[in-house]
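Quick setup: one chain, the form predicted alone, written in structure tokens, and binding and motion questions come after.
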């Protein structure tokens, strides 16, 4: 019986083991995956620019009115748009009835008011005004056949005014606080319509509005009467009392449009000629 040798077997086994060992030694370890890069923090989006809400009673052509599309247009809108562009702020006009317009500013519902507002000492107590932007005076409108030639002639007549305006104050002083002849309306055009219908004998209001109405309604056959008794007035843009930052922006913009000729262009567009050194309207 032949004896099998274990040597070749052991040699084979040894070679196999060595091969496995070399294979194990030669295997490279795969590097651990690199950590995901941290997201780059993006710069915070800039806060949207504040849009200042502007109250205006859009029933006062040619200063503030609405066109057939319902857009608020007029001298005041053109001017304040130019002022805002120069002053570096944004605005939005909101039609606001005259009777509540000052309360809307005091309560913070409006940031600015531009509505042919006459600067008076009484109003300065509750709001701040820009530099004046329009010279104004009161004017009397009567029918062409009227015998009225001066303000004093209105003492015993029925006179239409817009509620709460300087025209209202002026006629009330003339006739007395308790006079029933002072007829108050929501707007000057309504008072002028009443004059056309014969419900009042005269209307006292800002010259710019009266002249605009008489010019554009020739069939009404009105004439105008001026009187030296009417004190000159000036319009201002109103801001909430104490809002110095906004008032400064408005005044800077207003000064800029006056300096570069834009004011004169806007004036001429509305009234047909550049302003005289001291001329023209007021509420």
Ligand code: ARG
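Every value quoted in this text rests on a predicted model; they were computed, and no experiment measured them. Residue numbers count along the first chain shown, from 1.
Just so you know, the form predicted together with the ligand exists too; it's not on screen, but the next bit is about it.
Stretch-level contact analysis of 83 to 91, 67 to 75, 118 to 126, 172 to 180 against the ligand in the predicted complex, using heavy atoms and a 4.5 Å limit, identifies 118 to 126.
The ligand in the predicted complex is approached by residue 166, whose closest heavy atom lies within 4.5 angstroms of it. Although the partner is absent from this view, residue 134 stays clear of the ligand in the predicted complex, with no non-hydrogen atom inside 4.5 angstroms. At least one heavy atom of residue 98 is located within 4.5 Å of the ligand in the predicted complex. In the predicted complex, 162 is the single residue of 148 to 163 with at least one heavy atom within 4.5 Å of the ligand.
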